[in-house]
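A single chain comes next, written as structure tokens; it is the form predicted on its own.
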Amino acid sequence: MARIAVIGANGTIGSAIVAEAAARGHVVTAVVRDPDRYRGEAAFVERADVLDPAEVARIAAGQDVLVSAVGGGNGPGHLALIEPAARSLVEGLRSLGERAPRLVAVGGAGSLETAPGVRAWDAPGLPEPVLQTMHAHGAALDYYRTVSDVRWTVLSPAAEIGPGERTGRYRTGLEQLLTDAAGHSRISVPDYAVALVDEVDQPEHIGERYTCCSL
């Protein structure tokens, strides 16, 4: 049993992570902007601003793992959130020193390679708001890769992530965009949550980004 705080617990991915972690018996704290509106399965609820390192340190203290489900959606607003949140998360955890929990962050698929030297965000015809969010996640990952004094992990989903069943089955990789047996790059939100909480339970990717896809 681990103590896990999930930032962005009201979001689609964040709520699935909370549900998966709680079902496994972990003690989960949902970190949200408006606790009065929270209706999820976390044992505790906290209000915090992910862009405030002092707030990050406060909610991370005493936890075993801090999960950041910040991001998602489209548009320029995420440019002001995703990479700055990564910096705030690291600064807040650094302030805790050896007492800092591990950080597991939800990433994006845009920076995954589809061919040598080609990334998913290089595909023609992508709408500008989608590209902005992809590059925001890419900038956050670039920043994490400069960090060696905080135990971080980033999990990038397949190209498509959305509603679906929880099969509990998936495959993982590192820098290449994965596809399933039919050639599609996709994963359901519940199976993405399974992959992330599996990393919480059995760390295999500290200090690196990995990705997951349906079988």
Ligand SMILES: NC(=O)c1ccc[n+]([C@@H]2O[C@H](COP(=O)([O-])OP(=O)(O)OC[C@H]3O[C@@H](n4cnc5c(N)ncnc54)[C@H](OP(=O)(O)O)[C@@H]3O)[C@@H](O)[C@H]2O)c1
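Residue indices: 1-based, along the sequence shown. Owing to the predicted nature of the structure, the values given are computational and were not obtained by experimental measurement.
There is another form of the same protein, the form predicted in complex with the named molecule; it is not shown, and what comes next is about it.
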(request) Could you tell me which one of Leu174, Leu51, Val147, Ala61 places a heavy atom within 4.5 Å of the named molecule in the model of the complex? (result) Leu51
(request) Spot the stretch among 103 to 111, 87 to 95, 139 to 147, 118 to 126 with residues whose non-hydrogen atoms come within 4.5 Å of the named molecule in the model of the complex. (result) 103 to 111
(request) Using heavy atoms and a 4.5 Å cut-off, decide whether Leu66, Val194 and His205 all contact the named molecule in the model of the complex. (result) no
(request) Decide whether Arg39 counts as a contact residue for the named molecule in the model of the complex under a heavy atom distance cut-off of 4.5 Å. (result) no
(request) Mark Leu131 yes when one of its heavy atoms lies within 4.5 Å of a heavy atom of the named molecule in the model of the complex, and no otherwise. (result) no
(request) Answer with yes or no whether Arg33 is in contact with the named molecule in the model of the complex, where contact means some heavy atom within 4.5 Å. (result) yes
(request) Considering only heavy atoms, tell me if Ile7 and the named molecule come within 4.5 Å of each other in the model of the complex. (result) yes
(request) Check each residue of 185 to 214 against the named molecule in the model of the complex and list those with a heavy atom within 4.5 Å, in sequence order. (result) none
